[in-house]
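In the block that follows, a single chain appears as structure tokens, in the form predicted on its own.
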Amino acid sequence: MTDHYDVIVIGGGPGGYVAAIRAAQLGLKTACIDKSRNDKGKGSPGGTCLNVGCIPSKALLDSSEHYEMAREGLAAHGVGVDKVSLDLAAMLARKDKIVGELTGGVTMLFKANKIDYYNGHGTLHAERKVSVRDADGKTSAEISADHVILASGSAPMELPSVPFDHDTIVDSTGALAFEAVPEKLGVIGAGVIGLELGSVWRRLGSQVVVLEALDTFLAAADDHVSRDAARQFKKQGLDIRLGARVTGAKTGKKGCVVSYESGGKAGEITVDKLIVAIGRRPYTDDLFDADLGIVTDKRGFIEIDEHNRTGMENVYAVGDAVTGPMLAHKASEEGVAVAEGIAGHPGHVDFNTVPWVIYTHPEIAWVGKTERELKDEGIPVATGQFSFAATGRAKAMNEAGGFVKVVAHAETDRILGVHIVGPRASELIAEAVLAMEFHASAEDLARTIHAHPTLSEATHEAALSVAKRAIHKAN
């Protein structure tokens, strides 16, 4: 007899496992299907984020930052270190240990919330029946539900002219597991993933060249932020070449020759390893039968309404498989909203206050709209900006690069965007998200007491600067 559930979630990433936990909290009999496995062949829920994305990349970013600090940064603090060495195997093992602990934590949360976890590939059929196939492709379970949530995530995009060989030419997953530091590393794409992975291996000793097809660096970010970040990355030694459209790559005994066009001229670089980081595509392979009424758009995203409902009754989709920013926290909030809606509670995601973070050094983070976007929309704006160099804490940390910028409506003073490049931007942005969520004005933020000395004082002074009231800079 087929097991029947109130809710089945297909996909165990940040959208899926969070949706399953929230559904179970609300008293719904819940199952979650996820196909991820670790190198020992055991189920490893958590999706791309926990297994081969957000978490392992941040582990390597932190480790590589410590290594670079020990090599080059501690002297400024009066700390002398001789013969700094790199044990890459130990660094990768630490990364794998963190991944194992967190994916194991998700498994424990499933048990604690009485969620049935199926390790395999789930496919949705008519009448909301779902089949589960194991690693050998054999059907291991057949279950059904009143409601189904599709949270299948995304996969790296492949450049047709530069196909992966998963040895010399790799995707983001392969870039987390190099057995040795490449002497020369090429990265195609100067987006979030390309910059983060390029930063990791540059710190560990690689000579890194980033090829970006667009003529603008970090086009989605605020203009002032992207210019400042580009300057700091260049100073660090990242060779970022804009307007460089890759046309092909050939691998051989000496590595990989990458061909590209820039400004009407042909160019090429020779690298030991090549990371292709041109974006991700929704992963919907064999996710549902073709005749169910579930529709995907030209880019492969599942079409949904404002409540994440698909074209099939009581079937929803969340996360990277649907339109919107491919961010783990966005997927989680969609999962929560859908689970609450199924249980009869109001669920809502405010897409105007989704924070973006790039975990480079310096970190880059923003929420809301840029000054350029608002001006293009004809909205009058007033801006305030404050440099970390003028804060005592950043100076004490020897991390004085970057700034905070607050963009407010020129007439109502409501905060419409906050943009940060600098130390701990990923943490500082949370205050801006909360302020915007509560429809705060720049004056509200300016009249909020911030502890001294802290990095958050830069946010305080930037808010003051909107009204030309900053204390620690000339207005």
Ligand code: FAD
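Numbering starts at 1 and follows the sequence shown. These numbers were taken from a predicted model, which means no experiment stands behind them.
What follows is about the form predicted together with this ligand, which we do not show.
J.: A328: heavy atom within 4.5 Å of this ligand in the predicted bound form?
T.: A328: contacts this ligand in the predicted bound form.
J.: Please run the contact check for D222 against this ligand in the predicted bound form: heavy atoms, 4.5 angstroms, yes or no?
T.: Contact with this ligand, no.
J.: Is H450 part of the interface with this ligand in the predicted bound form - any heavy atom within 4.5 Å?
T.: Outside the cut-off, so no.
J.: State yes or no: in the predicted bound form, is some non-hydrogen atom of G417 no more than 4.5 angstroms from a non-hydrogen atom of this ligand?
T.: Although this ligand is absent here, G417 would stay clear of it in the predicted bound form, with no heavy atoms inside 4.5 Å.
J.: Of R280, K369, R309, K95, which residue is found within 4.5 angstroms of this ligand in the predicted bound form when only non-hydrogen atoms are counted?
T.: Spelling it out, the residue with a heavy atom inside the cut-off is R280.
J.: Tell me which stretch of 341 to 349, 382 to 390, 114 to 122, 136 to 144 has a heavy atom within 4.5 angstroms of this ligand in the predicted bound form.
T.: Residues of 114 to 122 come within 4.5 Å of the partner.
J.: Scan 132 to 156 and note down the residues that get a heavy atom within 4.5 Å of this ligand in the predicted bound form; none is a fine answer too.
T.: Those in contact are A151, S152, G153, S154.
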